[in-house]
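Quick setup: one chain, the form predicted alone, written in structure tokens, and binding and motion questions come after.
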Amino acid sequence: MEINPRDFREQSEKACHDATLRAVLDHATRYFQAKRGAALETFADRETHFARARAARLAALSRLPELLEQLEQTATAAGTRVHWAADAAQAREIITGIAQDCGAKVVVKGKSMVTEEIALNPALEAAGMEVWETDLGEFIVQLAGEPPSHIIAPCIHKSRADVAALFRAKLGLLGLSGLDGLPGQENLSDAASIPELTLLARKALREKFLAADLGVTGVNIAVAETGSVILVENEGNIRMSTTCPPVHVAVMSLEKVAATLEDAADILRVLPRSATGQKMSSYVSVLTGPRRPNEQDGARETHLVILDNGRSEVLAEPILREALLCFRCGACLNSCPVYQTIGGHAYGSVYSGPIGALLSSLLLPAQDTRDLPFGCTLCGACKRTCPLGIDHPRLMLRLRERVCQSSGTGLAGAAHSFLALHPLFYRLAVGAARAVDPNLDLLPRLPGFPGLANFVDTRQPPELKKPFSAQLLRLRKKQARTKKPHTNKGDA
């Protein structure tokens, strides 16, 4: 499935007409919101904890170069090999090199958005390796040949019937001996239960864990104080990916560092509650270096790849750097009316929803993402939901400003800028427009006003027969006439 942020308008329009997609998204996002709401309702002093998590993230960003150097030192001391990747291509080269050096034939991956960002799977497959996503949602979209459509629920756009049909069509073609003894997947009905579908996926993947030569994961938090990598999950696939294969590679976007374990704990108190409505995820792994001589499990060789891929430039932006606070809880997606309508694939990028529109616009080429900041109602639901207090609407406006600055505003923009700076001319121009074109029939058709034409094509334009100021004055006078005089019976 090919998607591209350049096609955001077309992909959004197509998604808007997909009634099945909207029904599935409505059910899923309501479920996540209800779980999150219930968890936060019983979260004592939650605003204090939100503030502590935000403070930990802000402190890390303010000292990021120093903390990353400290992380390299402590991780190296613990036995982890640290690699620096300036961009996606270099990250792919580093990880492919590690895989080739250890003779990897089978690679298992825990859920990781950053490896999706760098398009790691095609690179490993091109090098002759068998690559398996082991998170259930990621496994489903891998079988479907699709990218994830949600930060924490990759297959949120698929119904149970969709998954049953996919398993029926795909699993029997893979030659997986782990399916022996199961009811024939070719006989799966669309009414198959979630436990039945999960059992099929578990059987399919179990042999892959045991055969894997290399495990690849992302990083939720890296602790500069100890050189530890912290991973959170609910299925156990990350723990299997980091303990069964002899080699583990953790891929980390550079903003995911925390100064101390205490700061990491402040973040972990908030992240699962906001993401999945849990006090704590089912599995929290704190990995510090490879297996010790007296330990029974764990990788014998560990690597940490620290990825920049444009984030240093974002860090240098006083306003836009706030987007790097995000710890990927996905709550802003579930509350966003735009995401609820069009889903994740319409954004044409690995990252979707409000935070996805921001990150994609900041990390991808500007010419590919110019429409993303405009696919936002600025309703502020994302800001109200974000436990770290990221002001998504403010950042969207800043990105819109950058788009306009880079592409020019055209005749309409230049004219409006002039009129906005000269109130007398503004009133004269609006008066003339009111007299000549009160219903906005002519002005949108003039050259240089394409944005206005798009506006009136999809909305009912306002009438300009009377100035807004005059209408407001009339309403205030009407309210004054109908308002009853206030009397206080307690007055003497």
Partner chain sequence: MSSANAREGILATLRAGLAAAPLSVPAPPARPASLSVGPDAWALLAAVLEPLEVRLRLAATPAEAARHVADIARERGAASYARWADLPAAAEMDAALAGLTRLEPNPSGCCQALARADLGLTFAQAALMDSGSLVLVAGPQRPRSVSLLPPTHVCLVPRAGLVADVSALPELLRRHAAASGAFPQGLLPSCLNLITGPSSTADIELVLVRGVHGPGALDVVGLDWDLE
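The model shown is predicted, which means the values in this text are computed figures rather than measured ones. Positions refer to the first chain, counted from 1.
Beyond the structure shown, there is the form predicted in complex with the partner chain, which is absent from this document and is the topic of what follows.
Using a 4.5 angstroms threshold between heavy atoms, Phe209 counts as touching the partner chain in the predicted complex.
The partner chain in the predicted complex is not approached by His392, whose heavy atoms all lie more than 4.5 angstroms from it. The closest non-hydrogen atom of Glu313 lies within 4.5 Å of the partner chain in the predicted complex. Interface membership of Asp45, defined by any non-hydrogen atom within 4.5 Å of the partner chain in the predicted complex, is confirmed.
Between the options Leu166, Met129, Ala119, Ala78, the residue in contact with the partner chain in the predicted complex by a heavy atom within 4.5 angstroms is Ala78.
The contact with the partner chain in the predicted complex, taken as any heavy atom within 4.5 Å, belongs to Leu261 out of Val106, Leu261, Ala144, Ala366.
Residue heavy atoms within 4.5 Å of the partner chain in the predicted complex occur in exactly one stretch of 97-105, 266-274, 214-222, 352-360, and that stretch is 266-274. Within 4.5 angstroms of the partner chain in the predicted complex, the stretch 346-378 places no non-hydrogen atom at all.
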